[in-house]
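Only one chain comes next, encoded as structure tokens, the form predicted on its own.
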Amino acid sequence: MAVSESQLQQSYELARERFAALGVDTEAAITRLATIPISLHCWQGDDVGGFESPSGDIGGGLAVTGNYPGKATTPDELRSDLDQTYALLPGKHRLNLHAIYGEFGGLTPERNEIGPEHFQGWIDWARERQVGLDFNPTFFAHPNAGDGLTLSHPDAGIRQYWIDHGIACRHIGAALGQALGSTCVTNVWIPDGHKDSPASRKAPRERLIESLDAMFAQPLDPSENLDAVECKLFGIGSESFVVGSHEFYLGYAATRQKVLCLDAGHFHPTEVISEKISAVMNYVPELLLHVSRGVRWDSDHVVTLTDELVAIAQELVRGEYLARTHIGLDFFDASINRIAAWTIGARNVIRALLIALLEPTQQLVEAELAGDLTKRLAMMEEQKSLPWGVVWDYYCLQSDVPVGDIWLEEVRNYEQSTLFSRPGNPTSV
């Protein structure tokens, strides 16, 4: 049974007083939270298929499991699904596009020849909704990436092809940022690596440095485009060696002052990116977080409200890094309703940020500096049961989005009216 607005208001007033007793202003936390955008990833809506061709063979160490009905097969369908998702999220958020999601009109150009004109439909959609756009070159699902190598390829011609693709994507990112008046983060991830141990780890990494330097050679207005580089531990087909490892891109980002992308699913299961944030922020200008959930390997599961997700948010708040951090989602699940996957993941990231903003950080720091580690631990544990959930419900109410799990009813209605009516889909599951 849904809680009435008056009941929720009463509960919130009690929660506000509880937090105030700890020196935490819930209204200030809500106001701050409303300014933090999450960049939704377009590829959750169509299983990383894009609109170059109907083949759906993404490759490059990527895998999407499941065949839940209702997958978007056109840009308009994908935008409709995104509209439905944004309507379920409090706050104003962004969209992260891949290069294969251009509107090519049936005449798909080579990837090194794509331009802003192929994304005009996305610009128009984003401008109308006041949604900022981010961008990614697509270095997979292409004959020139058939052996799993792109910017580090020993063939100079293939390397140049991908360098030119990256250059084209940087200019697209700048055009998106200029058109929308909102800086576009253009993130570079490549699948390069080997299934078995290579004879030389040095040579491909030297080639990758040379390629990246060529790709980034032309300065672009940072108010329009920011360049980011993303590391990975391993993937399908690159189990033994990945050219763009964490150490490689940390060094590259630090020496070239690029944005460093940390993906929560790109590390060993015993590693967490929450521990890395304060370390790398000493050396790189800004950070891009791809919030995902790896299960034993980089499987990109839907984000849940785990201790690690909360720890990531706490690090951003405690370290005052939010102004230097861009937050995006990166997972793909076709075993459940795709809009629900977006919504669950995004709402959990926003919830984690709220938990962090409601933390009595100053008291924790004071206890730590005073050497009172007993108080520090006790407070950290007690705050886990503070009524942040009531504040979350109130924030949703104030944002005019569904409170609690009512959002699922709206997804089910959209599923029946729209998703199941798409060609090739059953009318029920």
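When you see a residue number, it is the position in the sequence shown, counting from 1. What you are looking at is a predicted structure, and each value in this text was computed from that prediction instead of being measured.
Beyond the structure shown, there is the form predicted in complex with a small molecule, which is absent from this document and is the topic of what follows.
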Next on the checklist: Check His290 for me: does it contact the small molecule in the predicted bound form (non-hydrogen atoms, 4.5 angstroms)?
Outcome noted: yes
Next on the checklist: I'd like to know if Phe119 sits close to the small molecule in the predicted bound form, meaning any non-hydrogen atom pair within 4.5 angstroms.
Outcome noted: no
Checklist entry - Using heavy atoms and a 4.5 Å limit, would one call Lys71 a contact residue for the small molecule in the predicted bound form? => result no
Next on the checklist: My question is simply whether His266 lines the interface with the small molecule in the predicted bound form - judged by any non-hydrogen atom within 4.5 Å.
Outcome noted: yes
Checklist outcome for this item: From Phe140, Tyr249, Trp162, Trp342: within 4.5 Å of the small molecule in the predicted bound form by heavy atoms is Phe140
Checklist entry - Among the candidate residues His98, Lys276, Arg207, Arg79, which is the single one with a non-hydrogen atom no more than 4.5 Å from the small molecule in the predicted bound form? => result His98
Next on the checklist: Heavy atoms within 4.5 Å of the small molecule in the predicted bound form: which stretch in 171-179, 122-130, 324-332, 105-113 meets that?
Outcome noted: 324-332
